[in-house]
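Here's a solo chain for you in structure tokens, the form predicted alone.
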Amino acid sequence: MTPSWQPLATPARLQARAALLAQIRQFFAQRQVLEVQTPVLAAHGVTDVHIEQLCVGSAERWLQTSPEYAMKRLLAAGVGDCYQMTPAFRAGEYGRLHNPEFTLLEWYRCDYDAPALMREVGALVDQLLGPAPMASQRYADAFIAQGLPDPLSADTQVLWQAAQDRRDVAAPPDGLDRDGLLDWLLSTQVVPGLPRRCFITHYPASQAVLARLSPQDDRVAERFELFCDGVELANGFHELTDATALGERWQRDQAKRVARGDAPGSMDARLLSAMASGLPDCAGVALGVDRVFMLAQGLDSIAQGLTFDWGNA
């Protein structure tokens, strides 16, 4: 048995990881996208009902689940196109694809919409993993293609029945709300049937608090995710720029958290002020670096590409 003090990744694997990080930086340098660094410990967390956060110390500073809020403040200040690779933190997530501390690549492009940013995400993934065909499906179409009800219009009870009828996986956990049930159906029933590399677009509006609503159908938002070999790699938005709308959405999130007995979450007044001052039209995306490296190296888990994971940190 390997002593617990030893790193999980071999020296050769750490060299390969450093090379992948250098590739990422070169990709953005060629496009003149500025590398920035924002705090990993800040006064505010998030209100997202599906994210567990880590609070540090009596001063209640939150380990950031993403650099999104700080980077949008930079955008409002006129920094322009920017990216960063940073540690990010989420409680309660540990397994083959999760570690409470992980490396996130996040970037923002001014005057981009979701399709434009998807093309850039595809270009980066092709560079890091090798070129391959890239498919795209709308969220509702992906459900229907797998024989599931339309997730935008079906009654919640119909969705529950569809989940119960699937005998190839365990039943969904009790107590899921509608969005939780849709997430379960997506991960267990939809993603396994996707092409090798596939964008899912037009997520339900309730699952995209920070994204603009589609001007063609306000039931869906301008959000996309990228799945490669069944692994979620990236999550992006054509960003909401309306501070009032974001404040209202955050209040709804807080109400949901309180209703299920959780802490209400933190509303970042500084971000709202920055947006009110003028957040430029932009699109942003977060990509899991540890997962990309896992796929690039053919590893079984992200832990095999880390120096020390949660179990021996």
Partner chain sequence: MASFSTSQFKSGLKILLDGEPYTIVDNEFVKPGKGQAFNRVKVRNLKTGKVIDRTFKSGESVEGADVMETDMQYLYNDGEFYYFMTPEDFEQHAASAELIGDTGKWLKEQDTCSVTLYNGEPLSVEPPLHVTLTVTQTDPGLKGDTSSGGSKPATLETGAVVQVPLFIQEGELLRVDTRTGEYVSRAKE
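The model shown is predicted, which means the values in this text are computed figures rather than measured ones. Residue numbers count along the first chain shown, from 1.
Same protein, other form: the form predicted together with the partner chain, not shown, and the subject of what follows.
- The putative spot formed by Ala205, Asp217 and Glu248 is not touched by the partner chain in the predicted bound form; no residue has a non-hydrogen atom within 4.5 angstroms of it.
- Although the partner is absent here, Val121 is not a contact residue: none of its heavy atoms lies within 4.5 angstroms of the partner chain in the predicted bound form.
- In the predicted bound form, the partner chain lies within 4.5 Å of some heavy atom of Glu68.
- Contact annotation: Gly180 falls within 4.5 Å of the partner chain in the predicted bound form, judged by heavy atom distances.
- Although the partner is absent here, Ala170 is a contact residue: one of its heavy atoms lies within 4.5 angstroms of the partner chain in the predicted bound form.
- Contact annotation: of the candidates Gly78, Gly147, Gly175, Pro131, the single residue with a non-hydrogen atom within 4.5 angstroms of the partner chain in the predicted bound form is Gly175.
- Checking Glu232, Asp126, Asp113, Asp141 for any heavy atom within 4.5 Å of the partner chain in the predicted bound form turns up a single hit: Glu232.
- The candidate stretches are 147-155, 87-95, 70-78, 239-247, and the one lying within 4.5 Å of the partner chain in the predicted bound form by heavy atoms is 87-95.
- Contacts with the partner chain in the predicted bound form, taken as any heavy atom within 4.5 Å, map within 17-50 to Asp48, His50.
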